[in-house]
Each structure stands twice: as structure tokens, then as C-alpha cells.
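Just the one chain here, laid out as C-alpha cells, in the form predicted alone.
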């Protein structure tokens, strides 16, 4: 069994009378690229602030590399790099000069290490250029370089592709995969961009209104959840009304000739039987593959709260 490198147990945070994070318990194992998912304002950034010791929880605990973040903050963060929200740099200094300054905050490092992290994020050839000349995507990659300075075993990234164009997203996605595969770094990635997460993460945790609603590998979660089936029928309105009344089924959408439902696999036969017995012709039954977006919407819907 892989070692647990990041763990929360009953982690809770209030803002006045509202729970921003509510009894959150999750585990990240060595070697994971773990996607921490949720709608905007679901509590993701608050969780990361507690993981990095920037905010104290009102209940529960967080552990990094076996150390309690609250009681042993220095030890817990010694092997951890992080970007919390948007990285900030001195724009009129070069990339190298910025990293030299930030390295001093964590005990300092030599020129070779700065070259290594700039090379890892694809910015070595721009090391002498001022940050003000960098694109948003390059600034994000420089932020990851900063997080890599202490040669961490775990990197925590808070929305690293936020505001990027497709090319910038692709660059960051490929960088995350390289960190995992070539450098052996465990990555904890907070995001609401499901397509991006599905391409890079082996495990995910989904949070909604501060509570963990699902955790596991993407494959396990998709297999565990209900299936989506598209029925081609003769009477769309009647079929949708009828299926809405079947226990354990949910009508997702209708088109000119089809009704899509979400439900346990063993309810498909029941739905077909109900349609036929009601005089509705069934022309086709087509199972649809559930992806991470389908799972996410099923679990969290479209409700959002302030973080």
C-alpha cells in the first residue's frame, strides 16, 4: 500500500455562522495526481489554506508527510511546495531574480537548483527576461517553478489553469504529468475544469458546500455510479412524464426523438417495460458512457456557495 502523504480528518472551518468546510476527510497517496474538484466557492481554496497553514481550522486536522499542520507546521511543509490562488512576482525583475528572492524565504538554494526548476517548467531560455514580458501561462509555470524550489515531495496547486487559453492549459497539463512521471512528485490539484482533471488525475475527491461527496479513482467512481441511457421513443412528452415517476430514475434531457435518463443499471428494463405498457413505442435503447462531467453534475448539480 502506498504511503499516505496528505490527509485530512474531520476538517472544519466556519466563516461566522456558515461552514465553508464541513467535516472533510480525504487521503492522498504517494505518487497520486489527485484532483480536488468542486464548483466555484465550494470550499476548495479554504481547504488549501488550511493544508498550508495559512488558515486555522475550527475542527479536525490536516497532516502532510505524517506531520500535523497545526502543531508541526514547519516540519509538515518542509517537503511541500504550493501555489495558493494566483502567483505573484516582481514584474520588473527577471524570472531568475524572482526565484532567487523567493528561495531565500525557504533557506536559499544554489544557481543550479534555480536552473533545474526553470528547465522543468520550460522557462530556462527565458530566465533573464523580465516577468512583465511573460504571458499569463508563463507566469503560472513560473509559479510552479517557485513551488518546486525546495525539491518537494508534494506540490499543491490551486486552480493552476485558471484564466489560461487552450495552449496555456495544455502546457500546464503536460507539466503536471511530467512532475508526476519524471520527478516522482505527488500532486494535489484543485480545479473546477473537469476535462483537464480527467486527463491528468488518477484519483479525485469531489467537494460540494464544504463536504466531500465522492472520492476514489475516476474509473471506480464512474463504474460505481448510475448509468445514463438514451431511449428513442414515439412520444417524447409522455415518455418523459412517465419516466419521471419511476423510482430511482431521473430524466436528464429530451430531444426531438429521445429521452435520456440516469439510474441504476437494473432499472433500464423497468423503464422499458413501463414505456411499452403505456403504449409508447421504443425504437432504441442506447447506453451512454458516463464521464467525469456527468458524475460531477449528478453529485453537485449547479448549486454554488460563497467560499
Partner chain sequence: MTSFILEIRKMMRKARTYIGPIALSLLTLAVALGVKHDNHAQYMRRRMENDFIVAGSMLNAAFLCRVLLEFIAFTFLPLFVCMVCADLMASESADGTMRMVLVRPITRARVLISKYTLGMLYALKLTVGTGLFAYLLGWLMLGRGSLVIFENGIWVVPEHTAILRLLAAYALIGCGMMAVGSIAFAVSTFLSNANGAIGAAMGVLYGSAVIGQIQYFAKLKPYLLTSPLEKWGEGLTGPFDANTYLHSIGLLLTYAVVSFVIGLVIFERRDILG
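What we label the rigid core is the largest C-alpha set whose atoms superpose within 1.5 Å from one form to the other. Residue numbers count along the first chain shown, from 1. Because the structure is predicted, anything quoted here is derived from the model rather than measured.
One more form of this protein, predicted in complex with the partner chain, exists but is not displayed; see below.
Asks: Using a 4.5 Å heavy atom cut-off, which residue among 113, 153, 78, 136 comes into contact with the partner chain in the predicted bound form?
Replies: So the residue touching the partner chain in the predicted bound form, by this definition, is 78.
Asks: Which one of 229, 172, 212, 82 is close to the partner chain in the predicted bound form, taking close to mean a heavy atom within 4.5 Å?
Replies: So the residue touching the partner chain in the predicted bound form, by this definition, is 82.
Asks: Just checking whether residue 93 would be counted as a contact of the partner chain in the predicted bound form - the rule being heavy atoms within 4.5 angstroms.
Replies: Output for residue 93 is yes: heavy atoms within 4.5 Å of the partner chain.
Asks: So, residue 87 and the partner chain: in the predicted bound form, are they within 4.5 Å at any heavy atom pair?
Replies: Yes.
Asks: Test of understanding: in the predicted bound form, would residue 126 fall inside 4.5 Å of the partner chain by heavy atoms?
Replies: It does not: once the partner chain is placed as it appears in the predicted bound form, residue 126 has no heavy atom within 4.5 Å of it.
Asks: Look up in the predicted bound form whether residue 53 has a non-hydrogen atom within 4.5 angstroms of the partner chain, and give yes or no.
Replies: Taking the distances in the predicted bound form, the answer for residue 53 is yes, it comes within 4.5 Å of the partner chain.
Asks: Tell me which stretch of 231-239, 201-209, 97-105, 163-171 has a heavy atom within 4.5 angstroms of the partner chain in the predicted bound form.
Replies: Flagged stretch: 97-105.
Asks: Can you tell me which residues in 6-38 come within 4.5 angstroms of the partner chain in the predicted bound form, by heavy atoms?
Replies: Sequence-ordered list: 13, 15.
Asks: So with the core overlaid, does the Cα of residue 132 end up 2 Å or more away between this form and the one not shown?
Replies: Yes.
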